[in-house]
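First, one chain by itself in structure tokens, the form predicted on its own.
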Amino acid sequence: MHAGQFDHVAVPVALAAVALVDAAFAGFRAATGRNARIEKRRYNLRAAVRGLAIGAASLAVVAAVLGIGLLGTHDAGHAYDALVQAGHRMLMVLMPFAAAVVVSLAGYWLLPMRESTFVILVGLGPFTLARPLVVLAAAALALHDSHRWLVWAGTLLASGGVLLVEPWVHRRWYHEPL
């Protein structure tokens, strides 16, 4: 199965977008509960930007490894197709989860206070707990039936990078309350 020309661009862009949005939220989560001030808009924005920066650095490492790997292989076209197919399989797990999170966030922001609190209890809280399992499931599906080291390296680096953004930001900037 060969990936289409559209997939050659859309799959990496979608994966990068999901990873960067997740990194911004990871930065936000790392700072949550560390500041007792009432007005925390700038504090939360700074935390999200820090998460985004760490996520972008992680993506740069993955892109560098994959780029070097593609330059060093004799069948770069087939290797890139394998990477796109693995990315497509990851998106099959990640996109429904991301859609559910977006719907929950919309409910949180748009509903009255009581209902938005309910959305946190049944949606956003459990989704945060399930996030590492979703990332691991996406990685497992991406690696399914793949024998290329580049797919393994890219999948494991990307998954590890996504999972490490929040602890990294937390330990770097928010390990003690203000």
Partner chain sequence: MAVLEISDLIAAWDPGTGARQPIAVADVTGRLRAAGDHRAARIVERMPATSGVLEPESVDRLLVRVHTELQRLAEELHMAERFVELLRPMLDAARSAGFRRLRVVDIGCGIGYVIRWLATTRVLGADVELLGVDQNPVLIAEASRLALDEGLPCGFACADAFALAEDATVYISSGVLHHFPVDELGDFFRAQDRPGTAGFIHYDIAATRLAPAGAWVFHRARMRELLGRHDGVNSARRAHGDRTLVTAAGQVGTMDIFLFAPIRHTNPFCAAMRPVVGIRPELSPALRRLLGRRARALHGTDDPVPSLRAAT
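Computed from a prediction, not measured in an experiment: that's the story for all the values here. Numbering follows the first chain given and starts at 1.
Omitted from view is the form predicted in complex with its partner chain, to which the following refers.
- For the options Ala64, Leu45, Ala57, Leu129, the one in contact with its partner chain in the predicted bound form, meaning a heavy atom within 4.5 Å, is Leu129.
- Among heavy atoms of Arg37, some come within 4.5 Å of its partner chain in the predicted bound form.
- Within 4.5 Å of any heavy atom of its partner chain in the predicted bound form lies no heavy atom of Leu150.
- Taking the partner from the other structure, its partner chain in the predicted bound form has a heavy atom within 4.5 Å of a heavy atom of Glu115.
- Residue contact check for Ala53: none of its heavy atoms lie within 4.5 Å of its partner chain in the predicted bound form.
- Of the stretches 135-143, 66-74, 45-53, 118-126, only 118-126 has residues with a heavy atom within 4.5 Å of its partner chain in the predicted bound form.
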